[in-house]
Structure formats: structure tokens, C-alpha cells
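Only one chain comes next, encoded as C-alpha cells, the form predicted alone.
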Amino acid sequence: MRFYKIIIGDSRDMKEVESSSVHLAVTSPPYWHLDVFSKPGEEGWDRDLSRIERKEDFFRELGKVWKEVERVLVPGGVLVVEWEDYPPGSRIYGYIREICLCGDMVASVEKAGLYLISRWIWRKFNSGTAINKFQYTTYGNLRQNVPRAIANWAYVFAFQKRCYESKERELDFTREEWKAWSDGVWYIESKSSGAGEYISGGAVFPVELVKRIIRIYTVPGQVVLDPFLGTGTTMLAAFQLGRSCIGYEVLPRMLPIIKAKVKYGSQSLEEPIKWEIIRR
């Protein structure tokens, strides 16, 4: 039976998930306190990792999530993280400066016991479509601005839980699809120029990006986890591809958005489907 479980709670403790029961975790974590998604005083705001101000504290707490991910993954299971550095560092420092975060993120995952196996670059949009958004990159402004590249891409990091036995696996994609996907750069257009469709509660990665990841690392019937469910994109992709899914979201106000996106309660003629919401 396929199942879809939405848990309104903190993914630093995933007590609802059995050890070695998840085949793939895929997520886009909060970006430190550089983008804060919760509103002061709202339910769940005190557990929102994006509110942690010190970078060292943020990555320490994020590491607790990765440790739980390592516990629940099956041997050989994979964690995929969409992540990027922070180009508009001027918002913090008051002068032009980019903030490098990818090294800290990779280190926090590997400290939890997973190891980096692959990385892709997700190209979000063509530079020509965002020229009005990034005025500092236009040729006419370069006399007043330091030349800089347009921030039109992000990393897609893949980490694995070590497996001591070699296991043959089925593939849910064709030779031609892999020929295209094995390229290190994926161009998948976002719904808007920049970080993707934005909803107060998280920036949304494209469902096509998540679908590609799910098909590469799982087969139908397996279990996908998103420890930062946000608007529910991972669960939607898992449902459409015939995988079960568990998602954690710390802000209760996101629940109606998630339910609407994933069409909560939908059923299939081919097999029974169980939907569940757990509120801590």
C-alpha cells in the first residue's frame, strides 16, 4: 500500500519514522537566517531553523536533521540536497559580498555519517530572462558596479549511506534519459526568475527537478522523505511517480498549502493509498 504522511513537527526528531525504512531523502533546507520563513510569534516559529542567527549554531542544529536522515535511510539510501551560496550578502554586510555556504552544508552532512557521491548544477533560468532583476549585471551599469555573474544556478548534492553489500537495482529511466541527465548541468526553468516560485514559508523548487531525482535514485513503491516539506513539492512528485512519501513541516500554517498542492486524499484505481496527518 502506498502511503503519504504529513507530520507537523520538528525533523530534528523523526520518531515517527522507523530506522532503515526510507530509500531517498530529498529536500531544500532553510538558508540560515538570510531568508527567514516564519512570522514572529506564530505557531512553530521557535523551531524554525532559519531564525538561528549564528552560523555555527545553525549548522549544528541542521546536523541533527542529517543525523536523523542517516538513521532512517536504508543502507545504500541517498540524501539529495538542493543548496546554494548567498550572492546578495550586501543585505547583511552593507557592501558587495557573496556568502559561501556550500562547504558548511556538505561538512554538516558528512559529519552525520553520509558521504558525497555526486553533484549537479541546476540552472534555474537563462540570464537574458532576468536582466531586469539583476540590474548590476547590465553592461551600461558596469562603470558604477563591480562586474558580477548572475546568480542563476544552484547545487544539487547527492550523499549516500554506506552499504557494505553490492546490490543490483532496477532502473526507472531509459538509456536516452540517462544520457541527458548524466550531464553535470541541468536546465530546468523555475516558475519565476531567481529562486523559484516564492510562498511565505519557503522557496519552491520545480516539481520536474524533484521527479528527476526520485527516478534516478528510487523505483516505484519505495519511500521518499522530505525533512523540510515546505509547500509539498516533494510529496507531489512522489505521488505522481508512484512512490510513498513522508514529509516534515514545522509551520502549521503551511498545511492547507501542502494539502492543496498534493491533492490530499486522492486515490488510485491500481492500488490502495493511505493519507495521514500527524500533529505534534
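When you see a residue number, it is the position in the sequence shown, counting from 1. Small disclaimer: the values here were computed from a predicted structure and weren't measured.
Below, we refer to the form predicted in complex with a small molecule, which is not included among the displayed structures.
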{"query": "Residue contact check: T231 to the small molecule in the model of the complex, 4.5 Å heavy atom", "finding": "yes"}
{"query": "Residue contact check: K211 to the small molecule in the model of the complex, 4.5 Å heavy atom", "finding": "no"}
{"query": "The small molecule contact at V250 in the model of the complex, heavy atom, 4.5 Å", "finding": "yes"}
{"query": "Non-hydrogen atom contact S28 with the small molecule in the model of the complex at 4.5 angstroms", "finding": "yes"}
{"query": "In the model of the complex, the one of V109, V78, V156, V204 near the small molecule [non-hydrogen atom within 4.5 angstroms]", "finding": "V204"}
{"query": "The single option of V223, A237, V69, L49 touching the small molecule in the model of the complex, heavy atom within 4.5 Å", "finding": "L49"}
